[in-house]
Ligand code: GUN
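Have a look below at one chain only, the form predicted alone, in structure tokens format.
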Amino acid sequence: MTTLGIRGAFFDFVDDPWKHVGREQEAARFHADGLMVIEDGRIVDFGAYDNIAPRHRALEVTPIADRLILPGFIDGHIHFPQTRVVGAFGEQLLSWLQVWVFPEELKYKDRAYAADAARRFFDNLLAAGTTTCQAFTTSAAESAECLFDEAARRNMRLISGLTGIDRYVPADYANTPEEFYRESKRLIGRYHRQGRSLYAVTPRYALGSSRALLEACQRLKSEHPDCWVNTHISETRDEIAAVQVEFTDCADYLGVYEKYGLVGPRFTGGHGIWLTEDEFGRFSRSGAAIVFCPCSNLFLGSGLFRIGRATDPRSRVRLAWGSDVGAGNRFSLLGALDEGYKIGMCNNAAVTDAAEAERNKISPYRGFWSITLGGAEALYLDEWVGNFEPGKEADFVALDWTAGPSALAWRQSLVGDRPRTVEQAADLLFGLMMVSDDRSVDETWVMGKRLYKKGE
């Protein structure tokens, strides 16, 4: 048994700050001098140093000084095979896929190419403080195998699966419904719930899916009900219009997935920018989740997601956040928080409901909850990750509030040499969220092992 202690300033969440309007700090937990005790990768004790240390007198303690230690970030929507097309210029969604994405993703039939990309992919995640992700692959089984194998080598928590698409795609990219079912079935047997890997039945999006492919997804989900389902929904108006032409027997985009029995707990639809009021309500009642991808929504000009509507307590939707690399132009979820804050503020130019306008505002509490415990709850991972409760896996990130742009130095001057209250810590986090970048990620730990250290 391997036991170690981490001492430092810890910030995590015990509740949803959107439920605590005007007193969001009640959802957070801060220990200016805390101690986390880890055995074999899991947290066994956590709290103020003076309270915890006497119970573990022989403990070897690793100090992480002058940092804010948060749970590892959770990226709910990212495309592993698009790492090399980040920042590709000048297209909106449907044309961007044809011009840039599909030609690149075809290369992932080459196992060596996919394996090298998987190493780079996880290197980038760790440097961004991300320890858990839900990722798309390609239509080639080699891409899924390389991604799962690399995640297992680093012992990182991953949700992924073979991506299914058989329409509006180059002929040599498409997988047939029969091939998709057969290969998905094999991959589920090999990877699902092995170590920290979880499998998602993955129709890329409704427009790219024939009815036969969606029937294959339905069959897989019915045979493996504890698998996840990961897809896209209502990203652009053009896409929605095309879906309505193709699926005339479905009232709306969500109705396509409902028809094939895919919507419910552990279903996530990326984007959801143009969902109707009725679709929001059905998301809420079903327990399904939306993943907000602010960077890609702005980069591709897809639209502004209605944060305030999704967080309406009358029909609250589970909400994770995603980088959506490569339409998202950075791996950093700190960057996603920056862009998400601005989307919320832009939304308020058109919102007349004062309560919705208030919910559009991304405070540091709402933001960092969304990429830690909130993301875990949305993806049904909170039994394993999301905060520092004993029993959970010891994934965490140490943020350096003095690194990055010089504007952060002014932020630090507000709290002195280190934060002493939850409000001071939140103020530093807001500065990191709005001004910072990957330079502020100093260390990233996975299951109690440091896998990333800036500069090493």
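Please read these numbers as outputs of a predicted model, since none were measured by experiment. For every residue, the number given is its place in the sequence shown, counted from 1.
There is another form of this protein, the form predicted together with guanine (GUN), and it is not shown here; the text below is about that form.
To verify the annotation, which of these, Thr268, Ser296, Ser160, Ser184, has a non-hydrogen atom within 4.5 Å of guanine (GUN) in the predicted complex?
That would be Ser296.
Just give me the single entry in His79, Arg359, Arg306, Arg318 that has a non-hydrogen atom within 4.5 angstroms of guanine (GUN) in the predicted complex.
Only one option qualifies, and that one is His79.
Asp75, Leu381 and Trp384: each with a heavy atom within 4.5 Å of guanine (GUN) in the predicted complex?
Not a single listed residue reaches guanine (GUN) in the predicted complex, so no.
Which single stretch, out of 308-316, 341-349, 321-329, 273-281, brings residue heavy atoms within 4.5 Å of guanine (GUN) in the predicted complex?
Every other range fails; the passing one is 321-329.
Is there any non-hydrogen atom of Arg366 lying within 4.5 Å of guanine (GUN) in the predicted complex?
Heavy-atom contact with guanine (GUN) at 4.5 Å: absent for Arg366.
Taking guanine (GUN) as it sits in the predicted complex, is Phe292 in contact with it (heavy atom to heavy atom, 4.5 Å or less)?
No, Phe292 stays farther than 4.5 Å from guanine (GUN) in the predicted complex.
Would Trp228 count as a contact of guanine (GUN) in the predicted complex, using a 4.5 angstroms cut-off between non-hydrogen atoms?
Because no heavy atom of Trp228 falls inside 4.5 Å of guanine (GUN) in the predicted complex, the answer is no.
Determine whether any heavy atom of Tyr260 comes within 4.5 Å of a heavy atom of guanine (GUN) in the predicted complex, and answer yes or no.
No, Tyr260 sits far enough from guanine (GUN) in the predicted complex that none of its heavy atoms falls within 4.5 Å.
Using the arrangement in the predicted complex, list in sequence order the residues of 195-219 with any heavy atom within 4.5 angstroms of guanine (GUN).
If the 4.5 Å heavy-atom criterion is applied to guanine (GUN) in the predicted complex, 195-219 yields Arg204, Tyr205.
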